[in-house]
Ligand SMILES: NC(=O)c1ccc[n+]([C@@H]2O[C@H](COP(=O)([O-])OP(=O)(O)OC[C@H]3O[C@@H](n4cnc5c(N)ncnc54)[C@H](OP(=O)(O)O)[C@@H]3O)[C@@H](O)[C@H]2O)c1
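Single chain ahead, by itself, as structure tokens, in the form predicted on its own.
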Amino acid sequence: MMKILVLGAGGQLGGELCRQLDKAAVGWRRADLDLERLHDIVPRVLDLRPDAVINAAAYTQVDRAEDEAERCWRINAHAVEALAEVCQRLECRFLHVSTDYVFGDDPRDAPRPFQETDAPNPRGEYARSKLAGELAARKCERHVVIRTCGLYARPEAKPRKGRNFVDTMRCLGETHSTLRVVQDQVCTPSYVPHVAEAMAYLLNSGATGTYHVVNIGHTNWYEFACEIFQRAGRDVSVVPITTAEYGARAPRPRFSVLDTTKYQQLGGPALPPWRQGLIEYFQEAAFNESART
């Protein structure tokens, strides 16, 4: 049986990968390997001698990264370089998770979904550190860089504000009758079980290179929030606002839809439309609720 090291096992994507990979997964949380301790990475992984490493760990506090740039870069770039080095030494596969943020604002006159070959244009410390992490990951010959977007995991027994956008909206919908949500950022929210299934396929397929793995289609955060409240049966008035009105510390991409054609041509598990992901999320939430009663 393969031994697959999953870093970030305490997070949404890492936890789902451990669930799907089952007994093959060796899930490490921050307590098992702190990626800020760069000198620990190579010896710890060499000691385990995995057949593959999946790095689903990252510094993801986009706004805070503007003030914690050194820490952000240490986790998102320098640690990835150490992981690529040890994977190269072990001649094992290295899957590294990146983000739509590497594309930043779209300079093209007629926006179309970004392909893997399009030139990145990151803005902000988080985005720049993630692009640096991609470049570091490619130092391992058997690498796969996976760009994804807007992840939200299976529902927990009680949604937690800040865990992901869907859970945050559900929490806020319990206490607010009106919410202001950004309308001018277009992307593809993606359901973690679908992304993890595609990643497991990429791992086993022997593919290398960069792949976009998101649900199909696109929306904006305002429309996504409206869909969430409709599915949740919540009477919440959602007011569209601009990115400028929201006033985030770090810049956000206005259009970061990812083209998944390259992945689909491999013949792996289908990436359903983004609405299907939300349907499955709420189906599982309803099942969990009925199981508790």
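Note that residue numbering follows the sequence shown and begins at 1. It should be emphasised that the depicted structure is a prediction, and the values quoted were computed from it without experimental measurement.
Same protein, other form: the form predicted in complex with this ligand, not shown, and the subject of what follows.
Visitor: This ligand isn't shown here, but in the predicted bound form which of A52, V238, V45, L35 has a heavy atom within 4.5 Å of it?
Guide: None of the others qualify; the residue that does is L35.
Visitor: If you check L13, L278, L271, L21 against this ligand in the predicted bound form, which one has a heavy atom within 4.5 Å?
Guide: Answer to the contact question: L13.
Visitor: Tell me the stretch among 226 to 234, 240 to 248, 259 to 267, 27 to 35 that has any heavy atom within 4.5 angstroms of this ligand in the predicted bound form.
Guide: Among the listed stretches, the partner-contacting one is 27 to 35.
Visitor: Let me test this: is every residue among G104, T219 and R252 within 4.5 Å of this ligand in the predicted bound form, going by heavy atom positions?
Guide: No, none of the three is in contact.
Visitor: Would you check, heavy atoms only and a 4.5 Å threshold, whether A65 touches this ligand in the predicted bound form?
Guide: No - in the predicted bound form, heavy atoms of A65 and this ligand never come within 4.5 Å of each other.
Visitor: Just to confirm, V145 within 4.5 Å of this ligand in the predicted bound form by heavy atoms?
Guide: Because no heavy atom of V145 falls inside 4.5 Å of this ligand in the predicted bound form, the answer is no.
Visitor: Using 4.5 Å between non-hydrogen atoms, is K130 touching this ligand in the predicted bound form?
Guide: Residue-level check for K130: yes, a contact with this ligand.
Visitor: In the predicted bound form, does P122 have a heavy atom within 4.5 Å of this ligand?
Guide: No, P122 stays farther than 4.5 Å from this ligand in the predicted bound form.
Visitor: Scan 148 to 179 and note down the residues that get a heavy atom within 4.5 Å of this ligand in the predicted bound form; none is a fine answer too.
Guide: Sequence-ordered list: T148, C149, G150, L151.
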